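Each of the two blocks below gives one form of the same protein chain as C-alpha coordinates; they are labelled structure 1 and structure 2.
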Structure 1
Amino acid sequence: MVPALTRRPGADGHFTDAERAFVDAATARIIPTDDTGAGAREAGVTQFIESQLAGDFGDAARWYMQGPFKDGTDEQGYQLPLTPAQLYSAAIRAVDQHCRDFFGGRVFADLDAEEQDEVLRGLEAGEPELGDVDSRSFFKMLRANTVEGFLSDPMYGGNQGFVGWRLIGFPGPRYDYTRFIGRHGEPFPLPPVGILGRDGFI
(Lines of atoms letter the chains of each structure in order from A and count residues from 1; the text may use other names and numbers.)
(Lines give C-alpha, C1' and ligand atoms only; values in the text may rest on other atoms or scores of the structure.)
Protein backbone atom coordinates (compact mmCIF):
# COMPACT_ATOMS: atom_id res chain seq x y z
CA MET A 1 0.00 0.00 0.00
CA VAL A 2 1.60 3.21 -1.13
CA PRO A 3 -0.16 6.54 -1.51
CA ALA A 4 -2.02 6.53 -4.77
CA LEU A 5 -3.93 9.16 -6.63
CA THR A 6 -7.03 7.75 -8.22
CA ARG A 7 -7.09 10.67 -10.58
CA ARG A 8 -5.66 8.92 -13.56
CA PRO A 9 -4.36 10.24 -16.82
CA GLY A 10 -7.07 9.96 -19.39
CA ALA A 11 -9.86 10.15 -16.86
CA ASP A 12 -11.18 13.28 -18.43
CA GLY A 13 -11.91 11.34 -21.56
CA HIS A 14 -14.17 8.84 -19.82
CA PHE A 15 -17.48 10.58 -20.46
CA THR A 16 -19.03 11.35 -23.80
CA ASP A 17 -20.00 15.00 -24.17
CA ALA A 18 -23.64 14.08 -23.53
CA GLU A 19 -22.75 12.19 -20.35
CA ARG A 20 -20.62 15.02 -19.05
CA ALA A 21 -23.39 17.53 -19.72
CA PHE A 22 -25.89 15.36 -17.88
CA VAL A 23 -23.69 14.83 -14.83
CA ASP A 24 -22.78 18.48 -14.71
CA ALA A 25 -26.43 19.53 -14.81
CA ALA A 26 -27.69 16.87 -12.39
CA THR A 27 -25.01 17.35 -9.73
CA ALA A 28 -25.56 21.11 -9.88
CA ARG A 29 -29.17 20.47 -8.84
CA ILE A 30 -28.20 17.94 -6.14
CA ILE A 31 -25.81 20.44 -4.54
CA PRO A 32 -26.82 23.77 -6.05
CA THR A 33 -24.92 27.02 -6.03
CA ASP A 34 -27.16 29.21 -3.86
CA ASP A 35 -27.33 31.54 -0.85
CA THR A 36 -25.17 29.23 1.24
CA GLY A 37 -22.44 29.53 -1.37
CA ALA A 38 -20.57 27.35 -3.83
CA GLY A 39 -22.11 24.06 -4.95
CA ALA A 40 -21.17 20.95 -6.89
CA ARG A 41 -20.17 22.99 -9.92
CA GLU A 42 -17.56 25.13 -8.15
CA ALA A 43 -16.40 22.04 -6.25
CA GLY A 44 -15.57 20.21 -9.47
CA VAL A 45 -17.91 17.31 -8.81
CA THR A 46 -18.26 16.35 -12.47
CA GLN A 47 -14.52 16.00 -12.79
CA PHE A 48 -14.47 13.95 -9.59
CA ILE A 49 -17.16 11.56 -10.79
CA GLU A 50 -15.56 11.19 -14.19
CA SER A 51 -12.23 10.15 -12.73
CA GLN A 52 -13.88 7.82 -10.22
CA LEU A 53 -15.78 6.10 -13.01
CA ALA A 54 -12.58 5.78 -15.02
CA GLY A 55 -10.90 3.93 -12.14
CA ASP A 56 -11.48 0.91 -9.90
CA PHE A 57 -14.76 2.21 -8.59
CA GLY A 58 -16.18 2.55 -12.09
CA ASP A 59 -15.06 -0.99 -12.89
CA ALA A 60 -16.61 -2.44 -9.70
CA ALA A 61 -13.12 -3.88 -9.20
CA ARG A 62 -13.78 -4.81 -5.57
CA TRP A 63 -17.38 -5.97 -5.98
CA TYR A 64 -18.60 -9.51 -6.39
CA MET A 65 -19.79 -9.52 -10.01
CA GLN A 66 -20.33 -13.23 -10.67
CA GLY A 67 -23.74 -14.43 -11.80
CA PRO A 68 -26.40 -15.58 -11.71
CA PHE A 69 -27.93 -12.12 -11.28
CA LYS A 70 -31.39 -12.11 -9.75
CA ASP A 71 -33.68 -9.46 -8.32
CA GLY A 72 -33.54 -9.57 -4.56
CA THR A 73 -35.17 -7.83 -1.66
CA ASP A 74 -34.06 -4.35 -0.58
CA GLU A 75 -32.34 -6.04 2.36
CA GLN A 76 -30.15 -8.04 -0.03
CA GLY A 77 -28.71 -4.91 -1.62
CA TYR A 78 -27.32 -4.12 -5.06
CA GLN A 79 -27.90 -7.02 -7.48
CA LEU A 80 -27.57 -5.37 -10.90
CA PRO A 81 -25.13 -6.93 -13.37
CA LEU A 82 -23.81 -3.43 -14.15
CA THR A 83 -20.62 -1.81 -12.94
CA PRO A 84 -20.99 1.84 -11.84
CA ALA A 85 -19.53 3.00 -15.17
CA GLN A 86 -22.04 0.87 -17.07
CA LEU A 87 -24.90 1.98 -14.84
CA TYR A 88 -24.10 5.67 -15.46
CA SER A 89 -23.90 5.34 -19.20
CA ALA A 90 -27.02 3.20 -19.53
CA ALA A 91 -29.02 5.39 -17.15
CA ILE A 92 -27.95 8.68 -18.71
CA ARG A 93 -28.91 7.42 -22.14
CA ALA A 94 -32.31 6.33 -20.84
CA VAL A 95 -32.99 9.52 -18.86
CA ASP A 96 -32.06 11.72 -21.79
CA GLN A 97 -34.36 9.70 -24.02
CA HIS A 98 -37.14 10.04 -21.46
CA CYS A 99 -36.58 13.80 -21.36
CA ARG A 100 -36.65 14.07 -25.14
CA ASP A 101 -39.97 12.22 -25.15
CA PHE A 102 -41.60 14.33 -22.47
CA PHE A 103 -39.96 17.74 -22.80
CA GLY A 104 -40.25 18.42 -26.49
CA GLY A 105 -36.99 16.91 -27.65
CA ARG A 106 -34.75 18.48 -25.00
CA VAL A 107 -32.22 16.39 -23.08
CA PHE A 108 -31.85 16.70 -19.31
CA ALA A 109 -29.07 19.27 -19.47
CA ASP A 110 -31.27 21.55 -21.58
CA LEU A 111 -34.21 21.58 -19.18
CA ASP A 112 -34.68 24.44 -16.78
CA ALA A 113 -33.89 23.96 -13.11
CA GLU A 114 -37.46 23.22 -12.07
CA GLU A 115 -37.88 20.61 -14.77
CA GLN A 116 -34.58 19.04 -13.83
CA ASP A 117 -35.64 18.81 -10.20
CA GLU A 118 -38.86 17.16 -11.26
CA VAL A 119 -36.96 14.50 -13.23
CA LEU A 120 -34.55 13.92 -10.35
CA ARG A 121 -37.39 13.56 -7.85
CA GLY A 122 -38.89 11.00 -10.18
CA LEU A 123 -35.66 9.01 -10.36
CA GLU A 124 -35.37 9.16 -6.58
CA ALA A 125 -38.83 7.60 -6.31
CA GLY A 126 -38.07 4.93 -8.91
CA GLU A 127 -39.79 6.57 -11.86
CA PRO A 128 -39.77 6.36 -14.76
CA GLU A 129 -39.04 2.78 -15.64
CA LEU A 130 -35.78 2.94 -17.56
CA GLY A 131 -35.83 -0.48 -19.18
CA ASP A 132 -33.00 -2.59 -17.73
CA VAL A 133 -31.75 0.22 -15.55
CA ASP A 134 -33.21 0.68 -12.10
CA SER A 135 -33.72 4.43 -11.74
CA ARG A 136 -33.66 4.34 -7.94
CA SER A 137 -30.29 2.56 -7.87
CA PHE A 138 -28.91 5.08 -10.32
CA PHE A 139 -30.17 8.06 -8.38
CA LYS A 140 -28.79 6.65 -5.14
CA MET A 141 -25.37 6.21 -6.71
CA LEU A 142 -25.40 9.62 -8.39
CA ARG A 143 -26.42 11.33 -5.18
CA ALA A 144 -23.79 9.48 -3.13
CA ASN A 145 -21.03 10.24 -5.64
CA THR A 146 -22.04 13.91 -5.72
CA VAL A 147 -21.75 14.17 -1.95
CA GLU A 148 -18.41 12.32 -2.10
CA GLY A 149 -17.13 14.77 -4.71
CA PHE A 150 -18.23 17.73 -2.61
CA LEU A 151 -16.73 16.45 0.66
CA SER A 152 -13.69 14.31 -0.19
CA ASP A 153 -10.10 15.44 -0.28
CA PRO A 154 -9.46 17.91 -3.13
CA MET A 155 -6.76 15.66 -4.56
CA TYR A 156 -9.56 13.57 -6.09
CA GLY A 157 -10.74 16.46 -8.21
CA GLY A 158 -13.78 17.63 -6.24
CA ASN A 159 -14.07 19.94 -3.20
CA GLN A 160 -11.84 22.41 -4.98
CA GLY A 161 -10.84 25.35 -2.87
CA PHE A 162 -12.26 23.29 0.01
CA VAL A 163 -15.71 24.66 -0.78
CA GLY A 164 -17.46 21.63 0.73
CA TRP A 165 -15.41 21.59 3.88
CA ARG A 166 -15.71 25.36 4.32
CA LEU A 167 -19.48 25.12 4.08
CA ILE A 168 -19.78 22.73 7.01
CA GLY A 169 -16.75 23.78 9.07
CA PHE A 170 -14.49 20.74 8.66
CA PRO A 171 -10.83 21.82 8.88
CA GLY A 172 -9.46 18.86 6.88
CA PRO A 173 -7.41 15.90 8.03
CA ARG A 174 -5.12 16.92 10.87
CA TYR A 175 -2.65 15.01 12.88
CA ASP A 176 -2.76 16.48 16.32
CA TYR A 177 -5.62 18.04 18.29
CA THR A 178 -4.02 17.58 21.72
CA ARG A 179 -3.94 21.33 22.30
CA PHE A 180 -7.54 21.80 21.20
CA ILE A 181 -9.50 18.81 22.50
CA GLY A 182 -10.00 20.49 25.90
CA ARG A 183 -11.08 23.86 24.49
CA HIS A 184 -14.74 22.98 24.50
CA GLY A 185 -17.08 24.92 22.28
CA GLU A 186 -14.40 27.17 20.77
CA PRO A 187 -14.30 27.43 17.01
CA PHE A 188 -11.25 25.72 15.56
CA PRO A 189 -8.97 28.57 14.46
CA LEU A 190 -7.14 27.22 11.41
CA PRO A 191 -8.30 27.15 7.77
CA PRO A 192 -8.83 23.83 5.96
CA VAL A 193 -5.90 21.78 4.78
CA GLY A 194 -5.87 18.78 2.46
CA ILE A 195 -3.78 15.64 2.20
CA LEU A 196 -1.56 17.40 -0.32
CA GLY A 197 -1.40 20.61 1.64
CA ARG A 198 -3.06 23.97 1.80
CA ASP A 199 -3.80 24.51 -1.87
CA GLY A 200 -5.08 21.00 -1.84
CA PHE A 201 -5.42 20.74 -5.55
CA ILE A 202 -3.04 19.49 -8.17
Structure 2
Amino acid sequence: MVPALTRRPGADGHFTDAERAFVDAATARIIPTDDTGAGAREAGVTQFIESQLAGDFGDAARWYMQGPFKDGTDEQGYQLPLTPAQLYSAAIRAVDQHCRDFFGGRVFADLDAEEQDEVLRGLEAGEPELGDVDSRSFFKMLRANTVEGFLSDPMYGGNQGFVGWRLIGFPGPRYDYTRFIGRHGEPFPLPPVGILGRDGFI
Protein backbone atom coordinates (compact mmCIF):
# COMPACT_ATOMS: atom_id res chain seq x y z
CA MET A 1 0.00 0.00 0.00
CA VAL A 2 1.36 3.41 -0.95
CA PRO A 3 1.98 5.66 2.07
CA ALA A 4 -0.33 8.63 2.39
CA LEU A 5 0.93 11.74 0.67
CA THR A 6 2.18 14.12 3.33
CA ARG A 7 4.37 16.41 1.28
CA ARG A 8 3.82 17.91 -2.14
CA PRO A 9 5.43 15.85 -4.94
CA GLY A 10 8.73 17.36 -5.94
CA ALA A 11 9.62 18.44 -2.42
CA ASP A 12 13.35 18.13 -2.11
CA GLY A 13 16.01 18.83 0.43
CA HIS A 14 15.51 15.66 2.46
CA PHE A 15 18.34 13.69 0.88
CA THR A 16 21.94 14.75 0.87
CA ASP A 17 23.57 14.67 -2.56
CA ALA A 18 25.22 11.36 -1.67
CA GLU A 19 21.92 9.84 -0.51
CA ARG A 20 20.10 11.00 -3.62
CA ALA A 21 22.83 9.57 -5.86
CA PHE A 22 22.64 6.23 -4.04
CA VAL A 23 18.84 5.96 -4.25
CA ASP A 24 18.81 7.01 -7.89
CA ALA A 25 21.42 4.39 -8.79
CA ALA A 26 19.91 1.61 -6.67
CA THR A 27 16.33 2.07 -7.84
CA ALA A 28 17.56 2.18 -11.45
CA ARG A 29 19.01 -1.30 -10.94
CA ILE A 30 15.90 -2.64 -9.18
CA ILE A 31 13.68 -1.47 -12.07
CA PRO A 32 16.06 -0.80 -14.95
CA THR A 33 15.34 0.77 -18.29
CA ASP A 34 15.45 -2.01 -20.87
CA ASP A 35 13.73 -3.30 -23.99
CA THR A 36 10.40 -3.55 -22.16
CA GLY A 37 10.29 0.16 -21.39
CA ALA A 38 11.34 2.97 -19.09
CA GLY A 39 12.54 2.20 -15.59
CA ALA A 40 12.62 3.72 -12.12
CA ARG A 41 14.78 6.69 -13.11
CA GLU A 42 12.37 7.85 -15.82
CA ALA A 43 9.43 7.30 -13.49
CA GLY A 44 10.86 9.68 -10.88
CA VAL A 45 11.11 7.00 -8.19
CA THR A 46 13.89 8.85 -6.36
CA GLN A 47 11.67 11.93 -6.12
CA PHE A 48 8.81 9.76 -4.83
CA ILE A 49 10.97 8.18 -2.11
CA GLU A 50 12.45 11.51 -1.07
CA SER A 51 9.00 13.07 -0.75
CA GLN A 52 7.71 10.16 1.32
CA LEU A 53 10.73 10.16 3.63
CA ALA A 54 10.26 13.90 4.18
CA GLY A 55 6.75 13.31 5.53
CA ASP A 56 4.89 11.09 8.00
CA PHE A 57 6.13 7.85 6.45
CA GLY A 58 9.75 8.89 6.95
CA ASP A 59 9.04 9.80 10.57
CA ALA A 60 7.12 6.55 11.21
CA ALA A 61 4.40 8.87 12.49
CA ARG A 62 1.73 6.15 12.39
CA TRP A 63 3.91 3.28 13.58
CA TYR A 64 4.37 1.99 17.09
CA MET A 65 8.02 2.80 17.82
CA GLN A 66 8.31 2.42 21.59
CA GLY A 67 9.91 -1.02 21.66
CA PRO A 68 11.02 -3.43 22.90
CA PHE A 69 12.98 -4.06 19.71
CA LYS A 70 13.92 -7.68 19.24
CA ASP A 71 14.73 -9.90 16.30
CA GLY A 72 11.44 -10.96 14.80
CA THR A 73 10.31 -13.28 12.05
CA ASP A 74 9.67 -12.12 8.50
CA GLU A 75 5.94 -12.43 9.18
CA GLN A 76 6.17 -9.89 12.00
CA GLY A 77 7.26 -7.09 9.69
CA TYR A 78 9.52 -4.18 10.49
CA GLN A 79 11.28 -4.58 13.85
CA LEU A 80 13.96 -1.86 13.96
CA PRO A 81 14.11 1.19 16.29
CA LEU A 82 14.96 3.46 13.33
CA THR A 83 12.35 5.41 11.44
CA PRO A 84 12.38 4.86 7.67
CA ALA A 85 14.20 8.17 7.16
CA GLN A 86 16.81 7.19 9.75
CA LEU A 87 17.16 3.73 8.22
CA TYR A 88 17.81 5.14 4.75
CA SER A 89 20.42 7.60 6.01
CA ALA A 90 22.27 5.09 8.19
CA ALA A 91 22.14 2.30 5.63
CA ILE A 92 23.32 4.45 2.74
CA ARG A 93 26.30 5.70 4.77
CA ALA A 94 27.19 2.12 5.71
CA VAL A 95 26.77 0.72 2.20
CA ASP A 96 28.83 3.51 0.66
CA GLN A 97 31.58 2.85 3.21
CA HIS A 98 31.45 -0.86 2.39
CA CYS A 99 31.81 0.00 -1.29
CA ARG A 100 34.78 2.27 -0.58
CA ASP A 101 36.45 -0.57 1.30
CA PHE A 102 35.89 -3.22 -1.37
CA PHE A 103 35.76 -1.29 -4.65
CA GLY A 104 38.82 0.91 -4.56
CA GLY A 105 37.37 3.92 -2.80
CA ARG A 106 34.26 4.22 -4.99
CA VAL A 107 30.78 4.69 -3.52
CA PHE A 108 27.77 2.70 -4.73
CA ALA A 109 26.64 5.31 -7.28
CA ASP A 110 30.10 5.19 -8.94
CA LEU A 111 30.12 1.41 -9.44
CA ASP A 112 29.25 -0.18 -12.77
CA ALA A 113 25.93 -1.99 -13.17
CA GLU A 114 27.30 -5.46 -12.44
CA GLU A 115 29.03 -4.26 -9.28
CA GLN A 116 25.87 -2.49 -8.13
CA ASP A 117 23.86 -5.67 -8.71
CA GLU A 118 26.42 -7.60 -6.65
CA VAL A 119 25.99 -5.17 -3.74
CA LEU A 120 22.19 -5.24 -3.96
CA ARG A 121 22.12 -9.05 -4.05
CA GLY A 122 24.29 -9.02 -0.95
CA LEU A 123 21.93 -6.64 0.87
CA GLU A 124 18.99 -8.86 -0.05
CA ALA A 125 20.82 -11.83 1.45
CA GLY A 126 21.72 -9.93 4.63
CA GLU A 127 25.30 -9.12 3.71
CA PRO A 128 27.40 -7.24 4.46
CA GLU A 129 27.08 -6.44 8.13
CA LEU A 130 26.17 -2.76 8.40
CA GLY A 131 26.68 -2.19 12.10
CA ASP A 132 23.41 -1.23 13.75
CA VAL A 133 21.54 -1.39 10.43
CA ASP A 134 19.98 -4.63 9.23
CA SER A 135 20.87 -4.90 5.55
CA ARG A 136 17.94 -7.21 4.69
CA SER A 137 15.44 -4.83 6.28
CA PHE A 138 16.91 -1.92 4.36
CA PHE A 139 16.83 -3.76 1.04
CA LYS A 140 13.26 -4.92 1.66
CA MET A 141 12.14 -1.34 2.31
CA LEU A 142 14.11 0.07 -0.62
CA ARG A 143 12.66 -2.51 -3.01
CA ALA A 144 9.10 -1.96 -1.74
CA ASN A 145 9.42 1.83 -2.00
CA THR A 146 10.84 1.48 -5.51
CA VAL A 147 7.85 -0.57 -6.65
CA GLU A 148 5.48 1.87 -4.94
CA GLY A 149 7.08 4.82 -6.66
CA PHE A 150 6.97 3.08 -10.03
CA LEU A 151 3.33 1.97 -9.83
CA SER A 152 1.62 4.52 -7.57
CA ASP A 153 -0.69 7.21 -8.87
CA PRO A 154 1.44 10.09 -10.21
CA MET A 155 -0.11 12.41 -7.61
CA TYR A 156 2.38 10.88 -5.17
CA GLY A 157 5.36 12.06 -7.23
CA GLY A 158 6.43 8.83 -8.95
CA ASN A 159 5.16 6.98 -12.03
CA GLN A 160 5.85 10.15 -14.01
CA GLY A 161 4.38 10.05 -17.47
CA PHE A 162 2.50 6.94 -16.31
CA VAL A 163 5.52 4.87 -17.36
CA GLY A 164 4.76 2.18 -14.77
CA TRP A 165 1.11 1.90 -15.72
CA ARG A 166 1.94 1.89 -19.43
CA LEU A 167 4.37 -0.97 -18.84
CA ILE A 168 1.74 -3.20 -17.21
CA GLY A 169 -1.20 -1.95 -19.27
CA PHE A 170 -3.11 -0.35 -16.38
CA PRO A 171 -5.44 2.44 -17.59
CA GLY A 172 -5.85 4.15 -14.24
CA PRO A 173 -8.94 5.06 -12.20
CA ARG A 174 -11.27 6.12 -15.01
CA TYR A 175 -14.78 6.98 -13.94
CA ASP A 176 -16.53 4.59 -16.33
CA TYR A 177 -15.48 1.27 -17.84
CA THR A 178 -18.96 -0.03 -18.69
CA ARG A 179 -18.45 -0.07 -22.46
CA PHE A 180 -15.33 -2.21 -22.05
CA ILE A 181 -16.81 -4.85 -19.71
CA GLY A 182 -16.73 -8.23 -21.36
CA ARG A 183 -14.19 -7.26 -24.02
CA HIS A 184 -11.56 -9.66 -22.73
CA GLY A 185 -8.18 -9.94 -24.39
CA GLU A 186 -8.42 -6.59 -26.14
CA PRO A 187 -5.89 -3.84 -25.44
CA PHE A 188 -7.48 -0.86 -23.70
CA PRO A 189 -7.51 1.87 -26.38
CA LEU A 190 -7.28 4.99 -24.18
CA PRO A 191 -4.23 6.48 -22.45
CA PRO A 192 -3.87 6.20 -18.65
CA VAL A 193 -5.30 8.82 -16.34
CA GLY A 194 -4.54 9.45 -12.69
CA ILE A 195 -6.75 10.57 -9.84
CA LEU A 196 -5.85 14.17 -10.65
CA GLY A 197 -6.29 13.84 -14.38
CA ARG A 198 -4.39 13.13 -17.58
CA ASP A 199 -1.05 14.57 -16.43
CA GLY A 200 -1.34 13.19 -12.88
CA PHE A 201 -0.77 16.50 -11.10
CA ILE A 202 -2.86 19.46 -10.01
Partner chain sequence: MPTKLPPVDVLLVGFGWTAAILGEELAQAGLEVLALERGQFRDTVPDFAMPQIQDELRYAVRHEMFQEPARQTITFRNNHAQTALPMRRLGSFNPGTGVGGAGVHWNGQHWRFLPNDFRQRSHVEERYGADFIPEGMTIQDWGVTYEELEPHFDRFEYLCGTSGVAGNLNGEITAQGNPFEGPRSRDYPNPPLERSLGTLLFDKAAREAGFHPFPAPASNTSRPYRNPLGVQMGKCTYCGYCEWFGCANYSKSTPQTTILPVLLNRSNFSLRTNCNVTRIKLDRSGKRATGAIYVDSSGEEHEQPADLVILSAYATHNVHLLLLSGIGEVYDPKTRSGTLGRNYAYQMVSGVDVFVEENLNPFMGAGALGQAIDDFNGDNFDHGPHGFIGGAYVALWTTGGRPILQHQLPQGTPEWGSAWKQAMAENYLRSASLSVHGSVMSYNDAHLDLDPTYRDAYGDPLMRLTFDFHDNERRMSRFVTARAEEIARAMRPRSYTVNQRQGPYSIVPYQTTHNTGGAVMGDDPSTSVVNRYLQHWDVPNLFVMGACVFPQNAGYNPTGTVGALTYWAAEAIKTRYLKNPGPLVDA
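It should be emphasised that the depicted structure is a prediction, and the values quoted were computed from it without experimental measurement. Residue positions are counted from 1 along structure 1's sequence. Rigid core: the largest C-alpha set superposing within 1.5 Å between the two forms.
- The first of the two standalone chains is derived from the form predicted together with the partner chain.
- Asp176 is among the residues whose C-alpha shifts by 2 Å or more between the two structures once the rigid core is aligned.
- At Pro187, the distance the Cα travels between the two structures is 2.9 Å after the core is superposed.
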